[in-house]
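Quick setup: one chain, the form predicted on its own, written in structure tokens, and binding and motion questions come after.
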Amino acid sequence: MKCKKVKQKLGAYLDGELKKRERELIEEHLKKCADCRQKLTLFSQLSKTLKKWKEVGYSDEFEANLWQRISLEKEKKGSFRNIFWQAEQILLPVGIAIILIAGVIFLNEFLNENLFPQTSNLEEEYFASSALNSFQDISPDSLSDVYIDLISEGESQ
């Protein structure tokens, strides 16, 4: 018999659960194999130690109390999860809406500043440089003509 098979059957050998022929084969192998004898000694000591342990006793109400406490813990966790589930159902859509609105506002400001330059800034710079701060001296009918002239002068420069 090979070591692998002997090691698998050592527990049954110690407990006297093997047939006579298997027991004899294992005993012959143990005479020749020090490694398997060492495993048998280890299993034997372990078995003796386990037999010395006393069975732990518990009261008749132990099992009922245990199941009651388990169900209470499940209820606590269930209610806690329920709170998070409800919060998630409300907070998640609100959070997404806030992010989308902020993104639209930011994008709008960004596009206005970078893609559409403010003409009023250009006009103010031109009027300040030409020392023309007021249209009071110009008649209302010719205002558009003056404006067109000023812009065409600015483009030619």
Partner chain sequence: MKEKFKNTSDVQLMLNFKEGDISSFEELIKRYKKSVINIIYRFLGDRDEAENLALEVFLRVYKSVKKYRARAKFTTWLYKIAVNLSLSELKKKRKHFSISLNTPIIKDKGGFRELIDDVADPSPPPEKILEEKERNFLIKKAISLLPPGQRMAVILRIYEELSYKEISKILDCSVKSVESKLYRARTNLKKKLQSYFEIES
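Positions refer to the first chain, counted from 1. Because the structure is a prediction, the values reported are computed rather than measured.
There is also a form predicted together with the partner chain; it is not shown, and the following applies to it.
Enquirer: Counting any heavy atom within 4.5 Å as contact, can you tell me which stretch out of 56-64, 105-113, 27-35, 91-99 lines the partner chain in the predicted complex?
Expert: Of the options given, it is 56-64.
Enquirer: Since only the chain is shown here, I'm wondering whether K9 would be in contact with the partner chain in the predicted complex (any heavy atom pair within 4.5 Å).
Expert: K9: contacts the partner chain in the predicted complex.
Enquirer: Taking any heavy atom pair closer than or equal to 4.5 Å as contact, tell me whether E73 reaches the partner chain in the predicted complex.
Expert: Heavy-atom contact with the partner chain at 4.5 Å: present for E73.
Enquirer: For 22-56: residues with a non-hydrogen atom within 4.5 angstroms of the partner chain in the predicted complex?
Expert: The stretch touches the partner through K39, L42, F43, Q45, L46, S47, T49, L50, K51, K52, W53, K54, E55, V56.
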